[in-house]
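This document opens with one chain alone, in structure tokens, the form predicted on its own.
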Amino acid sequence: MNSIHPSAIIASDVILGHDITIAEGVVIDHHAIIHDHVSIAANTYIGCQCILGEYLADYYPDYDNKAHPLSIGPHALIRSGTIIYGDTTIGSHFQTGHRTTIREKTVIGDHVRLGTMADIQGHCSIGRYVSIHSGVFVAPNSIIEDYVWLFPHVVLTNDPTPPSDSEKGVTIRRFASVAARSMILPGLTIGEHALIGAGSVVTHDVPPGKAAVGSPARIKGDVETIINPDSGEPAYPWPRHFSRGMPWKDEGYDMWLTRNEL
């Protein structure tokens, strides 16, 4: 039995399954498919041709959709063509670009943004205020902590001897930034506030607060020594200079940090 709030706006050609909860202020645009066991919290927009609660592999032997719940928090903006599998939990203020894919058994925190054609391959943990840009590939068993930036076409791998059944996910610690077209090899850890330069291939762990660049990536020093060419001031740690969309935008990072134990 479905629970649909009277204020929800659902286009006439949307397909709804069973055991669905749609809260107040939800808008579901044309040709979207909402499979069984999906919960959509208040004031969420679902774009055209999205598929929510996509089938897992256990559907296909007998074409029976098992109970694999999908929960989407309030104030989400899910753009057209996005596919999100069951057994997934997503926090509040979530956003996607177009044609984003999120596989099963993924947990996503609040205020996360995924770019167009980002591919989250399941069994992943993504923290709060994470920005994952267009074309990023996140392999299964990846751990991405709070306030991480993954720029366009970053690849997180997980198979050290492909093809194999050995999966070792990458871990990206808080406040780390991985620049465009970088690749992180299986099982590695990128430390807190670390920076990976564009086009790097990372073959070893990167310690906290260090910058690594190249293929293979080498440690070039402390991120605090990197100067912004426009301002002439240190560019890192980046939260001291960038606050758009972040919880410290009204008071500044240093003041916010004194009130929050990290």
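Numbering starts at 1 and follows the sequence shown. Being a predicted model, the structure only gives us computed values, none of them experimental.
Missing here is the form predicted together with another copy of the chain; even so, the following discussion is about that form.
- Interface residue among 107, 143, 179, 188, judged by heavy atoms within 4.5 Å of another copy of the chain in the model of the complex: 179.
- Looking at residue 89, you'd find every heavy atom of it more than 4.5 angstroms from another copy of the chain in the model of the complex.
- Using a 4.5 Å cutoff between non-hydrogen atoms, residue 193 does not count as a contact of another copy of the chain in the model of the complex.
- The closest heavy atom approach of residue 218 to another copy of the chain in the model of the complex falls outside 4.5 Å.
- Although the partner is absent here, residue 222 sits far enough away that none of its heavy atoms falls within 4.5 Å of another copy of the chain in the model of the complex.
- Residues from 138-157 that approach another copy of the chain in the model of the complex with a non-hydrogen atom closer than or equal to 4.5 Å are 149, 151, 152, 153, 155, 157, in the order they occur in the chain.
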